[in-house]
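Starting off, we have a lone chain in the form predicted alone, written out as structure tokens.
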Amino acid sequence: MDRDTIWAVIVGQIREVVPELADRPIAETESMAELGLDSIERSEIIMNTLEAIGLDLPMVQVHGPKNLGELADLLHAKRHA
């Protein structure tokens, strides 16, 4: 799975969990907090994304990225490690 596909999954999960963001452009430079997501929504999006891309990681391993683009990069790297 390439990085662009992982990015698309992240955006899709954000829009699924928070339907109010369905029509809003989402940039790789934004964080989930900047999008107004609370900690429960952020956790749900990450867990759903991990499941969708076939990764089984402890949540602690996905807390480093500062924005959505970095999250996509991290998940891509973990998937190909």
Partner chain sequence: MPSATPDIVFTGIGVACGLGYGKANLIDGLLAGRDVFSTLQRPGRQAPDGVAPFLGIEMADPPSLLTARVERTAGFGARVAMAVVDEAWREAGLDAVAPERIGLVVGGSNLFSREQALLARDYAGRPNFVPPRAGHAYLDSEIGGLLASTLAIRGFTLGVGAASASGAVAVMQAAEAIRSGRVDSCIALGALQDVSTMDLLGMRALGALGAPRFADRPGQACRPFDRDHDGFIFGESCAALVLRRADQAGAGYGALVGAAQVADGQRGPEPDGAGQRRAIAQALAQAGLRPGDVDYVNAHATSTPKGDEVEADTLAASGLGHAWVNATKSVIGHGLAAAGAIEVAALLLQMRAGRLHPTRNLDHPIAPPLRHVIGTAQPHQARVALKTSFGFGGIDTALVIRGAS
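Numbering follows the first chain given and starts at 1. All figures in this text were calculated on a predicted structure; none of them were measured in a lab.
One more form of this protein, predicted together with the partner chain, exists but is not displayed; see below.
Heavy atom to heavy atom, is Asp73 within 4.5 Å of the partner chain in the model of the complex? So Asp73 does not count as contacting the partner chain.
Is there a non-hydrogen atom of Glu20 within 4.5 angstroms of a non-hydrogen atom of the partner chain in the model of the complex? Although the partner chain is absent here, Glu20 would touch it in the model of the complex, with heavy atoms inside 4.5 Å.
How about Glu51: is it within 4.5 Å of the partner chain in the model of the complex, going by heavy atoms? Result yes; Glu51 sits at the interface with the partner chain in the model of the complex.
Exercise: Glu41 in contact with the partner chain in the model of the complex, heavy atom 4.5 Å: Residue-level check for Glu41: yes, a contact with the partner chain.
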